[in-house]
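What follows is a single chain, given as structure tokens, in the form predicted alone.
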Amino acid sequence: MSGRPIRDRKTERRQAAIDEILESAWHLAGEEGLAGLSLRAIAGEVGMRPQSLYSYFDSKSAIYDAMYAEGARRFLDGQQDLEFVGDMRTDIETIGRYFVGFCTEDPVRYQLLFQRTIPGFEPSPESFAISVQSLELIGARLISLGIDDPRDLDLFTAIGTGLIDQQISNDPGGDRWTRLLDDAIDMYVAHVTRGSGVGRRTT
């Protein structure tokens, strides 16, 4: 015997089909918008009959959920690769630039992950847990910098999404709002360090 693991070719083919379906779903969502995604269009793009999609996803919501999980995982993977130096201003800028860059490079993905644009859709607990992990990592980094008030985590994410929303809505492809990130970070750092040199403590 060669000692090589036996490949499960059936599982590999199934996963390849799932990956192709999701790739097509992202492509079509980029053209038609998330709400305009249809099973018939996805099936046509991957060369399947619409009913054949149900062998892989039992509903359109299941496709949205798989897209959500894929997008959230990509964000988390990139987040885990960030390098920090222990300086408050520098590390906050690193997080902010990654967040803003990730979201503005693919507005459809941003809408799915961070906005409620699909009526009736909620990510499954398993998929949402990936996003929770990402938020926890941001919170842990802020705490390591002395920013331990939960309100300051909320403020940080609100600043980022505010710039992103304005950029995507009013200057897609430009930088009218994202170029304000440095100023926003300066204001944020001034806010969390006022008086004591570290973030505000809860009582």
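Note that the structure is a prediction, hence the values are computed from the model and not measured. Residues carry their position along the shown sequence, with the first being 1.
Beyond the structure shown, there is the form predicted together with a further copy of the same chain, which is absent from this document and is the topic of what follows.
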- prompt: Heavy atoms within 4.5 Å of a further copy of the same chain in the predicted complex: does Q79 have any?
  reply: no
task: May I ask you to state whether R14 is within 4.5 Å of a further copy of the same chain in the predicted complex, using heavy atom distances?
output: no
message: With the partner left out here, check for me: in the predicted complex, does some heavy atom of E136 sit within 4.5 Å of a further copy of the same chain?
response: no
field: a further copy of the same chain contact at I18 in the predicted complex, heavy atom, 4.5 Å
entry: no
query: Which one of Q51, Q166, S59, S38 is close to a further copy of the same chain in the predicted complex, taking close to mean a heavy atom within 4.5 Å?
result: Q166
query: Of A66, L28, V46, I159, which residue is found within 4.5 angstroms of a further copy of the same chain in the predicted complex when only non-hydrogen atoms are counted?
result: I159
- request: Determine which one of 38-46, 136-144, 150-158, 51-59 lies within 4.5 Å of a further copy of the same chain in the predicted complex, judging by heavy atom distances; exactly one does.
  value: 150-158
message: Just to make sure I understand: among 91-117, which residues lie within 4.5 Å of a further copy of the same chain in the predicted complex, judging by heavy atoms?
response: Y110, Q111, F114, Q115, R116, T117
